[in-house]
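Before any questions on how it binds or moves, here is one chain, the form predicted on its own, in structure tokens.
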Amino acid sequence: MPIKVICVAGARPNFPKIAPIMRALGAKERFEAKLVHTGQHYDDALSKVFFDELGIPRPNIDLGVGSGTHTQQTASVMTLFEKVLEDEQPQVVLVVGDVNSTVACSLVSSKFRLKQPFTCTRGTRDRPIMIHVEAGLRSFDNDMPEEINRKVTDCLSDVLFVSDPAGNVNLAKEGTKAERISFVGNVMIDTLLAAKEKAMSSEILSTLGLQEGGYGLVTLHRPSNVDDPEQLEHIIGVLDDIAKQDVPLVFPVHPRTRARIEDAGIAMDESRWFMTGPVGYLDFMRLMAGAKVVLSDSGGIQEETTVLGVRCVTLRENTERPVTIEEGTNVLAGIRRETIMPAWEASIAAEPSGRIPRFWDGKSAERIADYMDEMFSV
């Protein structure tokens, strides 16, 4: 009988992480991997497009949770995912990242009892092995919902696959046993490297009338930046001053952010701003690769720009991905004019280092699958 693995995705950032893992597990005869889409994000522009562009099979199970408060969304995922475990009886549950679906499914799995115990190198078990991919990341800011999700998921997980060297340090400081931790590298970079050639043939630059290296790319979505109208207006005002320096800004606007901009009555000068809806993975990668600088509050974009060798100015007070700063491509800018402008100037003045972190080599998912294969070699 194959080892059944349930892989969970719920939000747009999860899919580039899940795609290479599904492929790597599919190459191992030992495993039967199924994809559960919780539906935390379900908008063609936010998630469905990834199935086509990244070659991910359609989800085996779609929970269709949709939006809601953190509590409502987490509770809905938990209730519906428990039924999945009852029906599927998996030996492994694998979650990625730090969204509400991640922590919800890890909590349900940690308490679930299988009808049939199984044996692995960790002994005989009657609970699924809980795996967290991208473990150990810490912003040290408990006001971020993602930080709570990361901590809880890591605490509950049996196997912690680490992407950033800081993850090893953080987990060790928290008292995590070394045998639970494996530094495998960054699965999202697997997807980026696999798709890079195809992405570079995208026509998005010509469609928008952009010149290579002649624009900046903006993303904003974190509640701390967009939910407070005064703070949102402040950041956009600072970015507009950057745009006035002959650096027009391309802004693929998250639906939630667009609603906040409209509610706040913020006007964007079309001579300096290229406002679009969310774009597909390949088009977005092409926009990143061709940008003079990326200004963003995203976590994953810090990693992708590092590998692409593109300057990144992170519009946050902290980052859970310090290796992107250590390797010289990312500058932490804060969220106020007095810190953003110096960070912008420093970023533009410096050439990207060209250094890429260890194991960000396109083979992280293979290392994960090999580890799991060995775990069941009993």
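One-based numbering along the sequence shown. For clarity, every value in this text was computed on a predicted model and none was experimentally measured.
The form predicted in complex with uridine-5'-diphosphate exists for this protein as well; it is not shown, and the discussion that follows is about that form.
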Where, among 114 to 122, 294 to 302, 83 to 91, 201 to 209, do residues come within 4.5 Å of uridine-5'-diphosphate in the predicted complex by heavy atom distance? 294 to 302
Please state whether all three residues P13, M188 and H221 have a non-hydrogen atom within 4.5 angstroms of uridine-5'-diphosphate in the predicted complex. yes
Of I129, V184, M288, L160, which residue is found within 4.5 angstroms of uridine-5'-diphosphate in the predicted complex when only non-hydrogen atoms are counted? M288
Listed residue (A166, I148, L156, V279) with a non-hydrogen atom within 4.5 angstroms of uridine-5'-diphosphate in the predicted complex: V279
Would F284 count as a contact of uridine-5'-diphosphate in the predicted complex, using a 4.5 angstroms cut-off between non-hydrogen atoms? yes
Only counting heavy atoms and a 4.5 Å limit, does any residue of 241 to 256 reach uridine-5'-diphosphate in the predicted complex, and if so which ones? P252
